[in-house]
Ligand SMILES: Nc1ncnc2c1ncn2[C@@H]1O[C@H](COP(=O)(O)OP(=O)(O)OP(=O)(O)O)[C@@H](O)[C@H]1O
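Only one chain is included here, represented as structure tokens and corresponding to the form predicted on its own.
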Amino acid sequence: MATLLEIEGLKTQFFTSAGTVKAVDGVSYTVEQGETVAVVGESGCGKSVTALSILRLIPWPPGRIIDGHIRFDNKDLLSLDEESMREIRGRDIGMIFQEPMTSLNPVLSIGLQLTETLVTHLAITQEAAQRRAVELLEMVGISEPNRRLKQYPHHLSGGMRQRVMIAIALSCEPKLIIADEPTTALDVTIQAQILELMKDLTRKLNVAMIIITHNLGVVARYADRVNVMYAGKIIESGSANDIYHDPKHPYTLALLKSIPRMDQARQAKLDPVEGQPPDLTKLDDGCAFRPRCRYAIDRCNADFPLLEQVGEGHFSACWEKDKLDTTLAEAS
């Protein structure tokens, strides 16, 4: 497969009265055509800021991309002017935001929000856009599409609003979709339906996808490759199989041990990740995870380890990566 997106050394910071927040601190990864890549981590680790950086939607002030390269379909996104970026947003890169009720405009009809994207990027007539909008709603499983086009977001359930967001993201047949916690506000049953829909449509249309999540169950079923983020950095990267069955970073292992497992006794207790995420304005040269890490050594206080290859396509940034007890993870 050809590389569609390449992020190299990306740094995005927010300059606040409390200090400089290093939200994204040297992130590098790639996405191949038709591939689904997951970005996993706790809230505040930089997942969403990385996605917004790709689309150059970081608000200034206080945020700014200060270093790195983002190459998409042989274009350097950080060197494009704003008009060129507007052509790429929605047309070549679609975005599914975390909360559809706040992402959809409450005073515009569903039909207007769908057709606006089509008319803007594809330069088609309003009538053609209306026909395409009906097709899109049918494709994402919304019944009575003609009637739904006249309705407003508050007329729809959470699951239907998310389906509308997926339809908008797919409307111009993009090459890449970024899904930022697409099922967070939905109940478990609807989550499964939305995820299956996204999986089927991206494979059918050969669309690459970056799925941002803290749900490791989503990663196991829907992702080809996984990037685990902590404190603005990618600390482990590999296939979904590698991450689940052979984790090579204490944080990844801690995440796996903290979730319920079907093969454990009902009375078994979860093993939570101890401590709190770090203050991103007070990071030093050491490993940011060391205050919460059961494997930390003196070297972790002074030097942050680089991502090193530990297997084919599998990388970890940990000085003690070969000494982890992965017994529980191996059963997952």
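If you're wondering where the values come from, they're calculated on a predicted model, not measured in any experiment. Numbers for residues come from their place in the sequence shown, where the first is 1.
Beyond what is shown, the protein has a form predicted together with the ligand; the following relates to that form.
Although the ligand is omitted here, in the predicted bound form all of 21, 45 and 49 have a heavy atom within 4.5 Å of it. Among residues of the shown chain, residue 309 is not one whose heavy atoms approach the ligand to within 4.5 Å in the predicted bound form.
The ligand is not drawn, but in the predicted bound form it has a heavy atom within 4.5 Å of residue 280. In the predicted bound form, the ligand lies farther than 4.5 Å from every heavy atom of residue 319. Not displayed here, the ligand is kept clear of residue 315 by more than 4.5 Å at the level of heavy atoms in the predicted bound form. The single contact residue among 92, 181, 246, 116, judged by any heavy atom lying within 4.5 Å of the ligand in the predicted bound form, is 181. Between 265-273, 286-294, 35-43, 299-307, the stretch whose residues reach within 4.5 angstroms of the ligand in the predicted bound form through a non-hydrogen atom is 35-43.
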